[in-house]
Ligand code: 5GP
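Next up: a single chain in structure tokens, the form predicted alone.
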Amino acid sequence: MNNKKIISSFKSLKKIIGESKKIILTTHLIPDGDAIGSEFAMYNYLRQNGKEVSIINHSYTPDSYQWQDKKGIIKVFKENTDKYTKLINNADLIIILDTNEYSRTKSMEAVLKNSPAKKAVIDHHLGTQFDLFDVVVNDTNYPATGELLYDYFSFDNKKYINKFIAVNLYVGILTDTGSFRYPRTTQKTFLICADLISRGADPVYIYDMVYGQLNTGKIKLLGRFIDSLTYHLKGKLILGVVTMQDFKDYHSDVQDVDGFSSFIMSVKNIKAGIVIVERNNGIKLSFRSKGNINMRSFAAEFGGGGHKNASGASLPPQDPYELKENIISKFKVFLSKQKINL
């Protein structure tokens, strides 16, 4: 998106917010740091503008980000479906952050779609269906939704970026850039983070809270996950599996898998990595790659999507190890069609 288009979308967002009183914020299932940080930053901005705001998510907040929600602001849809359905239906505006697909809100999908409220999306992923929203703020050049929000707040008035917003935007940018090592991390990213630090974001404290508070269950789960790793295509492709039994053995859950896909991509010589996670209601797939391997295109073969080098998909329940063999076969065909030689 060029500068004129993004400014135009900022103007449209500011207008629709100005016309709304009751606003609902939500994001994708198993929210990451960019999703949670973006929700809280927008929440605070809207509250400063006198709006009635509720954050309602499908998933519980992962342990790594619960420190951001000391006041229990985020509500989980399934905990009181009737109450939260009413809130969504009575809203003037729904803003979906860090995803452009209603399906990724899982249990909330139908309620969000059917609500008479206006809909806006703020996101940096590919594949936005513009006709499903009243306002779209989307630019895939941004490394994080948090960086996109920083530009929006700056467009409106930088006075809104207080310490609370600075901390949450920093969390979003830190996590979605892989601690500033993923593609699309630019000089601008560091300049923004420098400004956020000047406004109260403590980079040492934030890094420790996000990455330095691992529980014993997650550490043990990571060990089991490492044992599951297999290497293919001359050691350039790596796959790992986490099963329901693994979760049971270590009294952990799906939120403890956060970071596993980044971990396998740190292995020497790896060009592509896939994590298969078995859950109660299906399978979660995470696809990662380096260079010109378009994992978004490969994820599409499983009904998924995302970024070129970081995508995901969800599948119905099935044997994860049989699925693994199917994925390996399909990936070989995919590389052949794309004329990619690892």
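Note that residue numbering follows the sequence shown and begins at 1. Note that the structure is a prediction, hence the values are computed from the model and not measured.
Separately, the form predicted together with the ligand exists; it is not shown, and the next lines address it.
Engineer: Wondering, does residue 314 line up within 4.5 Å of the ligand in the predicted complex on heavy atoms?
Structural biologist: Judged by the heavy-atom cut-off of 4.5 Å, residue 314 is in contact with the ligand in the predicted complex.
Engineer: Flag residue 286 as yes or no: does it have a non-hydrogen atom within 4.5 angstroms of any non-hydrogen atom of the ligand in the predicted complex?
Structural biologist: Residue-level check for residue 286: yes, a contact with the ligand.
Engineer: I'd like to know if residue 31 sits close to the ligand in the predicted complex, meaning any non-hydrogen atom pair within 4.5 angstroms.
Structural biologist: Answer no; every heavy atom of residue 31 is more than 4.5 Å from the ligand in the predicted complex.
Engineer: Find out whether any non-hydrogen atom of residue 62 is located within 4.5 angstroms of the ligand in the predicted complex, and reply yes or no.
Structural biologist: Residue-level check for residue 62: no, no contact with the ligand.
Engineer: Only one of these stretches, 76-84, 98-106, 139-147, 244-252, has heavy atoms within 4.5 Å of the ligand in the predicted complex; which one is it?
Structural biologist: Looking at the other structure, the answer is 98-106.
Engineer: Only one of 46, 310, 55, 276 has a non-hydrogen atom within 4.5 angstroms of the ligand in the predicted complex; which is it?
Structural biologist: Of the listed residues, the single hit is 310.
Engineer: Using the arrangement in the predicted complex, list in sequence order the residues of 106-127 with any heavy atom within 4.5 angstroms of the ligand.
Structural biologist: Sequence-ordered list has one entry, 125.
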